[in-house]
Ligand code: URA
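Here we start with a single chain on its own, the form predicted alone, put down as structure tokens.
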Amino acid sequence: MEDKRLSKALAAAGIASRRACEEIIFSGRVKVNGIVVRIPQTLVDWQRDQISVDEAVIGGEQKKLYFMLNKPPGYLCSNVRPGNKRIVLDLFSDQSERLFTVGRLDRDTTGLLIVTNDGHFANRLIHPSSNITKEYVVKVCQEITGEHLETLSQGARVDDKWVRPVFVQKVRRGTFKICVKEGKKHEVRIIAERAQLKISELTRIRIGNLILGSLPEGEYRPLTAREQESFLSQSDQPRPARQSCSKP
């Protein structure tokens, strides 16, 4: 069997995305043949080497699984349970493979989330060069005006960087859609806060070409081969024609 970099081998074994595996290695949680290794580029072979994470021996590469989940509120996107809080992986109790979420939705945000054990797939989706956009439906506690839409379209400063949405569109009195591609933590909430809009519900309905559709909240289904390929073979292109920021 061909030698692989340690971070790539762990990602293929379903530990996490390759980027997250590098952090796990840097933190000293990985051993190769009983010795802590902190260099992600270390070459390993599943047949020759014993690899463990947090003292648990990793058996090797897993069959690749890809799921779409309609995340309900109150669940954390984490592989480590903080206290007795609920995590997304609780919804996959019937799956024996070690899974993780691709990116994150905060505890109160609902909607489309991808869950897999393929670290390479996850790394491709979350890497900035993928240019994959995410679309959300946002319900707020007041009527949305033209001034609100204009401020929303300007974006906001998130993590010391000014980010702008791809488009903003009013749906009804207190609901709008917003599409972003930066992937910054709490990006949509921060943009809404700058427009002085208080969010009551936030739901992600699309990632790239993958649409949540009618999947019930709290349920999941496997991605089709075509859906998997849509992420790996091409970048999602923004749709500027839908930008709608003028007064209604």
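Bear in mind that the values here come from a model prediction, so they are computed numbers and not experimental data. So that there is no doubt, residue numbering starts at 1 and follows the sequence shown.
Omitted here: the form predicted together with this ligand. The next part is about that form.
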item: Contact label in the predicted bound form: residue 143 to this ligand, heavy atom within 4.5 Å; value: no
item: Any non-hydrogen atom of residue 105 within 4.5 angstroms of this ligand in the predicted bound form; value: yes
item: This ligand contact in the predicted bound form: residue 31, any heavy atom under 4.5 Å; value: no
item: 4.5 angstroms heavy atom contact with this ligand in the predicted bound form for residue 133; value: no
item: One stretch from 181-189, 57-65, 32-40, 206-214 that, in the predicted bound form, holds residues within 4.5 Å of this ligand by heavy atom; value: 181-189
item: Listed residue that, although this ligand is not shown, lies within 4.5 Å of it in the predicted bound form (heavy atoms), from 123, 109, 101, 153; value: 109
item: Contacting member of 195, 51, 202, 69, with respect to this ligand in the predicted bound form [4.5 Å, heavy atom]; value: 202
